[in-house]
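Listed next as C-alpha cells is one chain, alone, in the form predicted alone.
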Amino acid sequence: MTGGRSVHAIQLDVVAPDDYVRDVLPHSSALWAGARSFDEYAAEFLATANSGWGKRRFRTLGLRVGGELVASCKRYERVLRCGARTYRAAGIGAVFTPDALRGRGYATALLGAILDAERNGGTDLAYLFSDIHPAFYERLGFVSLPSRSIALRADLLNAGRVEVAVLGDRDQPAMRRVFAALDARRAFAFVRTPLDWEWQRLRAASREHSGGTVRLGVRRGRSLAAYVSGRRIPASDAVVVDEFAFARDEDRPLIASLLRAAAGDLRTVRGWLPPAVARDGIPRGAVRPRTDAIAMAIPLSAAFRAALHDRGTPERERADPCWSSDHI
C-alpha cells in the first residue's frame, strides 16, 4: 500500500487468439463486426490469427493492470518502400478499452508502451487508421495523412470496346504481377509479399461488409493487362473499389472500362482516392475528405524521418498514400 492506495503492476502483453476472442471480441463486436454475426466475427478473427500471415505478421496486444486486461489492440507488421529503401512498419488497429474502464488513460498508456517497444525494437514507423478522434493520436505524435474519397457517375465512364473477364483464384498470380508493375512506380508503397497477399485473400473472403465481391480484368493474349477489385452494394446503388492496377501506360484506359463493367446497373463508383500513378487511371470525380479511416503515421527512427524530409510528398495533393485494401 502507498498512501492508502494499492499499487498494481502495469504490463504490456501478447494476448493469445483464444483469450482475445473470450475477453475482447464480445465487447468490441458492436464496433467492428459490421455485417457479421458474432460467431462469424470470431471465426474470421481466428482464421486470420492462425493463418501463415497471422502467425508471422499479426499479434493482439493488451495492457494489464494487476492482471486485469484494461486495454487492447491489434498489431500488424508491414514493410514500407520509400524510393529504393525499405523500412519496418507497425500497424495499430482496433484500439479498445471496455466502457467501464474508459477515461483512466489506459489506451494512452497502451499506445505509449507499444511505441516505446517498437522504437527499441528497430521499427521505423507506426501507422493506423482513425475512425474517431484523430486528435487523441496527434497528442501521441501521429500526423494525419491525406484521406479522401472519390465518387464517379458510372454512366459517364468511357467504356471502350474491350472483353472483360471475371477473375478467380487461379488469376491471383497474374493480378500480383500487374499490381507489382504499377506499384514499382510509386515513391512510397507498402510492399506486398506472398504473406501479404494471403492477408488480402482473407480480407476478400470476409463478410464484414455487405455486398458481393467483384474482380474483373482485361487480358492481352495470355497475360493480364489490368484488373479492378471491389464490392457491389445494390442497397447503396454503388460499386465500392478496393484497388485496381494496370501493367503499362497504354493499359491505363482499361480501368474506366473495368469500373463501368463492375458497376453494371449501379449508378455510382466509389472508393478511396487512389495513390499516385494509379490516380491517373480514373477521371477527376467528386473528391471529399473522409470522416473515418483517417490515415495517420509517426516516424520512429532517425533514418525514416530523414527519408521523409529528403523525399517530401509532392503527390499528396493529387493522391492518397495507400489503397483501401491496406486498411487495418
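Nothing here was measured: the structure is a model prediction, and the numbers come from that model. Start at 1 with the first residue shown and count on from there.
Heads up, the form predicted in complex with a small molecule isn't pictured, but that's what we're talking about next.
Colleague: Considering the small molecule in the predicted complex, find the one stretch among 113-121, 222-230, 100-108, 184-192 with heavy atoms no farther than 4.5 Å from it.
Modeller: One stretch meets the cut-off, namely 100-108.
Colleague: Can you work out which of 35, 31, 302, 286 has a heavy atom no more than 4.5 Å from the small molecule in the predicted complex?
Modeller: Partner contact (heavy atom, 4.5 Å) among the options: 31.
Colleague: Considering the small molecule in the predicted complex, which of 153, 139, 248, 201 comes within 4.5 Å of it through any heavy atom?
Modeller: Selected residue: 139.
Colleague: Quick one: does residue 214 come within 4.5 Å of the small molecule in the predicted complex, counting heavy atoms only?
Modeller: Outside the cut-off, so no.
Colleague: Please determine whether residue 90 contacts the small molecule in the predicted complex, using a 4.5 Å cut-off between heavy atoms.
Modeller: Answer no; every heavy atom of residue 90 is more than 4.5 Å from the small molecule in the predicted complex.
Colleague: Any chance residue 131 has a heavy atom within 4.5 Å of the small molecule in the predicted complex?
Modeller: So residue 131 counts as contacting the small molecule.
Colleague: Evaluate residue 96 for contact with the small molecule in the predicted complex, applying a 4.5 angstroms cut-off between non-hydrogen atoms, and reply yes or no.
Modeller: Close contact exists here: in the predicted complex, residue 96 approaches the small molecule to within 4.5 Å, heavy atoms only.
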